[in-house]
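One chain follows as structure tokens, the form predicted alone.
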């Protein structure tokens, strides 16, 4: 979903709004360097596990109600998707305690991060920005993306759709224009991953040669 190359996997990566994702665990086992940040990391493994179990029925219900809005290829049914995602969450739960100890999981949230300017090569954000356009304002989205641009040279946000609508977030174009006006190189790129119908594009922001802060 992020068009990451084998060379990208060797770079330092920040995963923003990572939640109970297995990305950090899998990358760490492969020798990668990832820091994940999310306010949910303030809770214990047991608390997070309870939250996952409590929200699972609601997620499954939403998938079934919006079945036609998804591309059922790699995942053949809501039940199959649920099994795959629960397996990924279990990998996260197994990795969470050592990851907290090692500083790989940090209790931080956009739009303000404690990391140094340019500390990371790549910053990623999946299924948070643009997805929750109803819950968070355009100003919040812009501030969050600018903060990601501050701490990383290469920023990628996926997907660009407002949750369950199949339509681009209304914030996408004005934010793209504002970032361009501030001197960032901004492109919308197609990716090979598509689960939410029409959700096969990411927003890719990089610093210009003159630099942006």
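Computed from a prediction, not measured in an experiment: that's the story for all the values here. Residue numbers count along the first chain shown, from 1.
Keep in mind that the form predicted in complex with a small molecule is not shown, yet the notes after this line are about it.
Scanning 179, 40, 52, 27 against the small molecule in the model of the complex with a 4.5 Å heavy atom cut-off leaves one residue, 40. With the small molecule omitted here, the record of contacts in the model of the complex names 127-135 of 96-104, 127-135, 114-122, 68-76, defined by a heavy atom within 4.5 Å. Judged against the small molecule in the model of the complex with a 4.5 angstroms heavy atom cut-off, the residues 145, 170 and 207 are out of contact without exception. Contact check for residue 21: a heavy atom falls within 4.5 Å of the small molecule in the model of the complex. Interface membership of residue 85, defined by any non-hydrogen atom within 4.5 Å of the small molecule in the model of the complex, is confirmed.
In the model of the complex, at least one heavy atom of residue 17 sits within 4.5 Å of the small molecule. Interface membership of residue 108, defined by any non-hydrogen atom within 4.5 Å of the small molecule in the model of the complex, is confirmed.
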